[in-house]
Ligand code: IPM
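As structure tokens, one chain now follows by itself in the form predicted on its own.
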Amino acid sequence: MTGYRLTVLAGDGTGPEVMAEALRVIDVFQQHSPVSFEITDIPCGGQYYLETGEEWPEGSFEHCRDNSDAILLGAIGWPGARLPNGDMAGGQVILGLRSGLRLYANVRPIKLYPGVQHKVHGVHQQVWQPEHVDMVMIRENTEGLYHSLLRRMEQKAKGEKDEPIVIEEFPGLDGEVAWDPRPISRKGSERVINFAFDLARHRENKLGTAQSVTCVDKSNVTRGCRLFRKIFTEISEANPDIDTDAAYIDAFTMWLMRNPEDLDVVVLPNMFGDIATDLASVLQGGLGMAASANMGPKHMMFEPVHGSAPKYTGQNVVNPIAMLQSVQLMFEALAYRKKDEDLDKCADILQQAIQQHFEEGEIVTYDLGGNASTSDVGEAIANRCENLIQQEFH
């Protein structure tokens, strides 16, 4: 039996509710398959800050860094929970880990399951077919417009002194000015673009179909994006076996909605990736379906994209699929890095269970046109996983 060290950060709002369903599913795999997890639960977030004056207990960053094979995060963010400098309380959890653990690639699969209706024009209707939407968007995760905030949160998480960037004036601007630097480096661009090409090859092997890589930026205007595009071109020339394309972010948003079937792997700088991936979630049924992985050279963290959804807290109504799909990504990534065939089978089983669940289409939450509860969906997926595990391992 292979065991992995898993750190659970349930966080704020509906984070603990969807995390409960993730742990329900993980427990099924622990009971009925050859894989196991040693789970450490750490309280954190804005609500925890309001109660204790801390964003998470002392030593939490070090535990995540030194004693975790994977990290599973629910959600961070709570109304009114702000640090004295105005930053979001709980930021050092998610942003400090992204920066401090060098989780440079934010991986967001955009996949439409059969039976899932996505919301377009204000009503639920089927516009795209499942075969039209199956891509992965890779957002650079540690540089760009978020760099200063990420660095600040990393320093807080490590207990270091904040070292702000200072500039005295902006020629041509009068009065009060607020600004953020947008650094994009060669090293940071190379590693995330190489990651995109590696993922394209992995998808080719797994899906049995050729994959392309598309670079999205604003290199006709900004210098950072010019460097990003230049490096993409260099790496493309070194990988002539993979088809490539490139687009400016404004035109790309139109392509994304008009022709999603043309996209396989997409790589973007930080802020553009943050915006475009939320837009892309419309293609798969909304943010309740949107999972993500934060990947670095040694560490990995997995989380749903939807945030803490404070207005739904305690109502047991939010869609847990993004959280469960994040568990599937965790299984898959750990299996790939650790060369664990059993865990890879578990990843496929969870993926199959989610797909079968939507093919039947009876137990879905409000955001997909149903009235099932969070726990209804989690229980249904867990039961389906148990049946599939029995077929695979027994």
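Each residue number is its position in the shown sequence, starting from 1. All figures in this text were calculated on a predicted structure; none of them were measured in a lab.
Omitted here: the form predicted in complex with the ligand. The next part is about that form.
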Quiz item: Looking at 198-206, 91-99, 317-325, 180-188, which one sits within 4.5 Å of the ligand in the predicted bound form if you count heavy atoms only?
Solution: 91-99
Practice problem: Give a yes or no on whether each residue among R24, L329 and E379 has a heavy atom within 4.5 Å of the ligand in the predicted bound form. | Solution: no
Quiz item: Considering M289, I76, V266, V192, which brings a non-hydrogen atom within 4.5 Å of the ligand in the predicted bound form?
Solution: I76
Self-check item: Among the candidates D87, D274, D134, D245, the residue which, in the predicted bound form, approaches the ligand to within 4.5 Å (heavy atoms)
Solution: D274
Quiz item: Should R152 be classed as touching the ligand in the predicted bound form when contacts are defined as heavy atoms within 4.5 Å?
Solution: no
Quiz item: Is R108 close enough to touch the ligand in the predicted bound form, meaning at least one heavy atom pair within 4.5 Å?
Solution: yes
Quiz item: Taking heavy atoms and a 4.5 Å cut-off, does R229 contact the ligand in the predicted bound form?
Solution: no
Practice problem: Flag W255 as yes or no: does it have a non-hydrogen atom within 4.5 angstroms of any non-hydrogen atom of the ligand in the predicted bound form? | Solution: no
